[in-house]
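Here you get one chain, nothing else, as structure tokens; it is the form predicted alone.
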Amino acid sequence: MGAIVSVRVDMVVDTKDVRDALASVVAPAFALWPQQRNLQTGSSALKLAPSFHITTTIHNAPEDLHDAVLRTLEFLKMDKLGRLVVGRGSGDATVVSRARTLSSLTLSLSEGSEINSIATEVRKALEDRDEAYTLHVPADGSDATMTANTTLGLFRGLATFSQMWYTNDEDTYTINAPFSIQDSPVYPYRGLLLDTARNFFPVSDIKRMLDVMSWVKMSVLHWHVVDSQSFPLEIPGFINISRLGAYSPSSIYSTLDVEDIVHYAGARGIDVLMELDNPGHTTIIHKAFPEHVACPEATPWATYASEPPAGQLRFALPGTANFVADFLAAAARMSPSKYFSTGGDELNTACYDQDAPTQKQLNATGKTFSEALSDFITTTHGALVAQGKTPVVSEPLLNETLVKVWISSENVAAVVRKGFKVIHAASDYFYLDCGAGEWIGADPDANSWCDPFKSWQKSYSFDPTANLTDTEAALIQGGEHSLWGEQSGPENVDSITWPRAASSAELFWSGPGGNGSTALPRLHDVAYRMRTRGVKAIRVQPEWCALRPGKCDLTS
């Protein structure tokens, strides 16, 4: 894991027309994102037949694979993306008019492969997921073929296939045939964290995010559903928390909403990792269960919390531990994922120092703060394990679980050296909300705590295994971009996330060491394709630069 990926591109120029068409391109297959681990292309034009179709040799193919094929055909029909060169591919007309025509793509599973749905495959344990595929697109018009060991692998291959083609007039074509691809991810965890508690996101916006994630082969939606500000999740048996703790009755994810989101994600090759952060970040629970929350909405809030409102669970009380275990178990039953996150960061000791029930319990048992917290985690995580879940936590909380390292990339080495598996989420590389200015009021000159803005180039430059031994590097599971919601909502979710988050999608699929200068034209391409599909991805550069790869580099 973590090896630098080499990509082989073979160019054979057959005619003057092709040479002229290629003259305005830095490299031939730079539309593909994330970069394939083994890619060979040619220099022949090939266009799709009007009757182009995708077939499968799989007997009783799963419904979600069938639906993925239909979506791919729709993309091929509706994208209508012109090549990002001066003239937008108009100079390709002559060579395309003489091109061979591709009529079909055939999908197959390797002999002896088990036939499961895409959703079933992506919900397996991280180490058991198989996303590899091979894809061959001949230049002579004979059938294209795709083979994988799983339907999930075929789904990843369909994402690649849909990126190969451009449109000019009525032709959907490539000038880079043949294609020969062998591809698989370096890391199984390629995620995006979405915070829906600070500000509410309708289900339709979450689905759109899942669509985009699938196009760039992300595999995990880390859903930070609730926090101190609101509790928009309806949990069976605990509905009063959302009834009293959501912003409004319309700002609640019902059990049917959760089922819908989880199903939608699974069909797009994405596992939903739900997170109910505790024992911190839980103020809002006091609206329904005040007996379990210390210092609720205490002021000044900065004394008792990392952000307003103050309040956190009385973890030292056995009754609170049992209460939390019960509602975590109920929430865990809402998700088919093998993983469930309890967060666990940013506990404020001052809150507990002045909380009489907590101090009474600690004095009665003679336990320290850390000992009581350990007991709480044993109880609550035990409830998750009983539901078949692997708990996921955020540093500095460390135990036998999968750990998300977010405070700083410099903390990773210390975590893996204790033997813990790690998800990279370092705020100094992967926080999408940084650089927007301070959101706390009455502080006009302040910046956000994690300034500066984290560009796609910054996250793309990250090395997941820097300063780690081979043994330590094997504990890295992947990483994620994070969108914390203090200053984000449905109005800006597309532009603040895309295409920046695509940089980590490639980093954790293809491995580190990518060249930012050669990646930029491909990132332009994927962003333009996002916009053709209705996603308001932000511009990375002026269009003049996008049409002239390399001309806006500092060294040009």
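Heads up: residue numbers just count along the shown sequence, starting at 1. Source: prediction; values computed, not measured.
What comes next is about the form predicted in complex with a further copy of the same chain, which does not appear here.
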message: Counting any non-hydrogen atom inside 4.5 Å, which residue from 438, 326, 410, 257 sits next to a further copy of the same chain in the predicted bound form?
response: 438
task: Could you spot which one of 300, 290, 112, 366 gets a heavy atom to within 4.5 Å of a further copy of the same chain in the predicted bound form?
output: 300
task: With a further copy of the same chain left out here, work out from 49-57, 31-39, 490-498, 503-511 which stretch has heavy atoms within 4.5 Å of it in the predicted bound form.
output: 490-498
field: residue 309 within 4.5 Å of a further copy of the same chain in the predicted bound form, heavy atoms
entry: yes
- prompt: Is residue 198 one of the residues lying within 4.5 Å of a further copy of the same chain in the predicted bound form, judged by heavy atom distances?
  reply: yes
message: Can you work out whether residue 457 and a further copy of the same chain are in contact in the predicted bound form, taking contact to mean some heavy atom pair no more than 4.5 Å apart?
response: yes
- prompt: Can any non-hydrogen atom of residue 533 be found within 4.5 angstroms of a further copy of the same chain in the predicted bound form?
  reply: no
field: Residues 68, 143 and 165 all lining a further copy of the same chain in the predicted bound form, heavy atom within 4.5 Å
entry: no
Within 244-272, the residues that have a heavy atom no more than 4.5 Å from a further copy of the same chain in the predicted bound form: 247
